[in-house]
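Only one chain comes next, encoded as structure tokens, the form predicted on its own.
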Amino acid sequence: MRRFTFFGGKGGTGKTSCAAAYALSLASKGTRTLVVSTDPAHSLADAFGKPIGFETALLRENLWGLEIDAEVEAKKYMKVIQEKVLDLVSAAIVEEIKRQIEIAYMSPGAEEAAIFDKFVELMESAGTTYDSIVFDTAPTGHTLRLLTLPEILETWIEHLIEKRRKAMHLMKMAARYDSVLADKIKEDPIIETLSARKEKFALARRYLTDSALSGFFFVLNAEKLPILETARAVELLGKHGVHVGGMVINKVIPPEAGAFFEKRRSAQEGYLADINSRFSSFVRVELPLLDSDIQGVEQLEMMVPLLGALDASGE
């Protein structure tokens, strides 16, 4: 059994319904499963027809749900940073440090960094609190940035640690003549903090690049733009070592749909052929276009047997 499963793709392709149905299938087999939405426009609660918030909610036996609030996580993230930094600086620059942290909170990337921290926290809970975690991710671009963060940030933190070590070397030289300074720098909390974060990023990267533990499934419709976007995303994840488990082709028009859909069905056949050619090395599952939106556990259960082939991608 795969420990982490991700469903992603363009907005509106049906990835939330697929993530919810897959999580439901795991729970029905006795697997303690957490389904998590990292999409800012949460629709997981709509899929289950039950309230899901920013605290873990029990949805049914062996199944829990959680919607991550990027703003809440960013505030928590910045508060932790502020507490650590203010302990290390002179009282004379406390207000300036607070101002800089406030600016950092408003800067691009702050929410992604905070979501990533929550993301790793949840991954660490797999195998203890939960057996498996299913992620309903944000639209493709946001998700790609999130999944490639470990490699990027690990390199960045290595650079910061090296800079700090050089600074500490100079401080130790000065401390030969200053006993007070020598006592202060016996242990460096900044290097300890940076090293701890580096280990966290390394752990996340190990999880994401281990095909036995993690699999990413793209949900797409048989249309030109989703196909092109998925092809680019598959290439990028491959460069970062993230395992792509397969494709879920959603809203496939059935042959018996009638004359009204005949032209549309004909065009879709061409796109299906393109998908099968481009992604021939991946597991592919086709889901039919339904006559209504998926809402509630009863309708999700209809999808469960159709997603069964996804489990084979982890073997």
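In case it trips you up, residue 1 is the first one in the sequence shown, and so on. Note that the structure is predicted; figures quoted are calculated from it, not measured.
The following text describes the form predicted together with a small molecule, which does not appear among the structures shown.
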{"query": "Listed residue (250, 268, 38, 62) with a non-hydrogen atom within 4.5 angstroms of the small molecule in the model of the complex", "finding": "250"}
{"query": "is_contact(residue 43, the small molecule) in the model of the complex, heavy atom dist at most 4.5 Å", "finding": "yes"}
{"query": "4.5 angstroms heavy atom contact with the small molecule in the model of the complex for residue 294", "finding": "yes"}
{"query": "Partner proximity in the model of the complex: residue 290 to the small molecule, non-hydrogen atom cutoff 4.5 Å", "finding": "yes"}
